[in-house]
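As a starting point, one isolated chain is supplied in structure tokens, in the form predicted on its own.
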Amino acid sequence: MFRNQYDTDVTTWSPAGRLFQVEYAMEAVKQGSAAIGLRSKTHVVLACVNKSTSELSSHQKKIFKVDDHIGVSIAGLTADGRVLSRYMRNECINYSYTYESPLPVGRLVVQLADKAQVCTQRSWKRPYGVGLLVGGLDESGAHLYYNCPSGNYFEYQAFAIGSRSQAAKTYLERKFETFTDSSRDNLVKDALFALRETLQGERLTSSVCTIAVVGVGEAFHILDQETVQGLINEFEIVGEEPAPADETAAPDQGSSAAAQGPSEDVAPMDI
């Protein structure tokens, strides 16, 4: 679809100063199912959409525990995400064994970004086709980072990646100023509402989403389906009144998603 004479090698620059292979890897992230992260002063919540290739198959795992204080949510090629999460887990174990203290989140993110950057500078490698939302808690507080296939990383108050993530970003941008002082339950609530925005009319149930939490006095863990469904049932009652406004906005979001065309088609290897 994008093929041209400058995209046959990851080390080949175009006259406009672009590396097309890296951009294609970033496009793979946009085609993956949505992943969302939010943080307050004390907690980080990660959420993702569970998508399966067919009605006969189960969904791929999209949220991974790295350590008791760090977790990651991915969008893009799940195989790449699984390998990178294993690398992060090993780094945490080695640091803990050497220094007898948990690895700071920022340091792990930099190491992960350096690993991704090497793949943009070697002709015999390819960039990782996965975006990672890294959430964690250390001595300096709660942190949420986004690691890009290009090797860049950014810290966010809240962020969304994957297909139809723009609808979730719009919701998060309206509410992000309240996240800093939010309670754990309110963060989970906002994560569910943002996740619902990415479904474009599909009903939100515990079977189509995964929620994970880490915070002060609370190790990283994934909430079970019964707990998530209970929260959805509780919050949907609260969300019934503003629903008409959301519905009016939905067609615009749908049309913008439709305008992207082929980017919404998920690659066979991507869940």
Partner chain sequence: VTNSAPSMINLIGSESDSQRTLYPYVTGTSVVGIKYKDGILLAADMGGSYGSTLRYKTVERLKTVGKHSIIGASGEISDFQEIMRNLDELILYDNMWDDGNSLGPKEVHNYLTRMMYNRRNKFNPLWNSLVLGGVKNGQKYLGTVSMIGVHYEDNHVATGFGNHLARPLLRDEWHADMTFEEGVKLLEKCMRVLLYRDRSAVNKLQIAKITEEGVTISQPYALKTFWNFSAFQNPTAGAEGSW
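Not measured: the values here are computed from a predicted model. Residue numbers count along the first chain shown, from 1.
What comes next is about the form predicted together with its partner chain, which is not displayed.
*Asks:* Considering non-hydrogen atoms and a 4.5 Å limit, does its partner chain approach residue 83 in the predicted bound form?
*Replies:* No.
*Asks:* Is residue 107 near its partner chain? Define near as a heavy atom within 4.5 Å, in the predicted bound form.
*Replies:* Heavy-atom contact with its partner chain at 4.5 Å: present for residue 107.
*Asks:* With the partner left out of view, is residue 111 within 4.5 angstroms of its partner chain in the predicted bound form by any non-hydrogen atom?
*Replies:* Yes, contact at 4.5 Å.
*Asks:* Considering non-hydrogen atoms and a 4.5 Å limit, does its partner chain approach residue 154 in the predicted bound form?
*Replies:* No - in the predicted bound form, heavy atoms of residue 154 and its partner chain never come within 4.5 Å of each other.
*Asks:* Just one of 96-104, 161-169, 117-125, 192-200 has heavy atoms within 4.5 Å of its partner chain in the predicted bound form; which?
*Replies:* Single hit among the candidates: 96-104.
*Asks:* Listed by sequence position, which residues of 172-188 have a non-hydrogen atom within 4.5 angstroms of its partner chain in the predicted bound form?
*Replies:* Contacting residues: none.
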